[in-house]
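Next up: just one chain, as structure tokens, the form predicted on its own.
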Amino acid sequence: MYWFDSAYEAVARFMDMGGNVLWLIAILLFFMWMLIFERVWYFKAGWKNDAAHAISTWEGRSERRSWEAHQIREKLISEARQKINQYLPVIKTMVALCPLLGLLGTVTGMIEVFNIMAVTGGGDAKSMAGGVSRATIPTMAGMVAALSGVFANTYVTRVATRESEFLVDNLTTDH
């Protein structure tokens, strides 16, 4: 349990160095990755059943060339795309919010630096350096969180596009 204690202390020290905005970034990061894992789990486990249901519904029709059949096909594709693209805009928004929260931490940290400069008259370089360090940590954390979300969002979006095209290709009207 020594490694757990030392890891916990390192995280707690890092959170103290960055201020309260780091907790907001951590909460946002937690929910963002929770949604990303939900999407990955859906594509690994749930999507196959939904795709099989849509394909079997379409293949169960005896007539597939009329206007009504095309409308039913579009309905099946639209319902599947809703399931495929669920939470993707939320994930994209969370990725965009991470650097903004980091910037908020920087601004609040710089306000503290300016406050120290006002109180001490600007001569205490050690206090100012500590404030600048505290101001830049949330920016770094926000950027790292956003980068991890960008890569994961790109993967999930690519899988969603591929599976949507798979469904369109399998709901054929030529037989």
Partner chain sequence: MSMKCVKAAAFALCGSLALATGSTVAQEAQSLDQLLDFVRQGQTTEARENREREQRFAAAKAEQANMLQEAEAERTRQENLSSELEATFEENDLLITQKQEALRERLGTLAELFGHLTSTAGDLSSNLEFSLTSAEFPDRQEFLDNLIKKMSGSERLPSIEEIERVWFELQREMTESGKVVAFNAEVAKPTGDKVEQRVVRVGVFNVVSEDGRYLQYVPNKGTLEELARQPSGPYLGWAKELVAATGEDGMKKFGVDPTGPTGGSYLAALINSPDLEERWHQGGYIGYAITAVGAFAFLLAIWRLIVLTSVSSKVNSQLKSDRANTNNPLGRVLKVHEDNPSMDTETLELKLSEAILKETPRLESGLTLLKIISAVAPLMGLLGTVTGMIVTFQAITIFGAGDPKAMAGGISGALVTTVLGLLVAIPTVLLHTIVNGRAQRIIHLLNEQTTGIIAEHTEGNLRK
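Numbering follows the first chain given and starts at 1. Remember, it's a predicted structure, so these values are computed and weren't measured experimentally.
One more form of this protein, predicted together with the partner chain, exists but is not displayed; see below.
Give a yes/no on whether residue 115 approaches the partner chain to within 4.5 Å in the predicted complex, heavy atoms considered.
It does: once the partner chain is placed as it appears in the predicted complex, residue 115 has a heavy atom within 4.5 Å of it.
Counting only non-hydrogen atoms and a 4.5 angstroms cut-off, does residue 110 reach the partner chain in the predicted complex?
Residue-level check for residue 110: yes, a contact with the partner chain.
Using 4.5 Å between non-hydrogen atoms, is residue 56 touching the partner chain in the predicted complex?
It does not: once the partner chain is placed as it appears in the predicted complex, residue 56 has no heavy atom within 4.5 Å of it.
Is there a non-hydrogen atom of residue 119 within 4.5 angstroms of a non-hydrogen atom of the partner chain in the predicted complex?
Because a heavy atom of residue 119 falls inside 4.5 Å of the partner chain in the predicted complex, the answer is yes.
Within 4.5 Å of the partner chain in the predicted complex - does that hold for a heavy atom of every one of 126, 156 and 165?
Checking in the predicted complex: none of 126, 156 and 165 is within 4.5 Å of the partner chain.
What residues, if any, in 84-114 have a non-hydrogen atom within 4.5 angstroms of the partner chain in the predicted complex?
Counting only heavy atoms within 4.5 Å of the partner chain in the predicted complex, the contacting residues of 84-114 are 89, 90, 93, 94, 97, 100, 101, 103, 104, 107, 108, 110, 111, 114.
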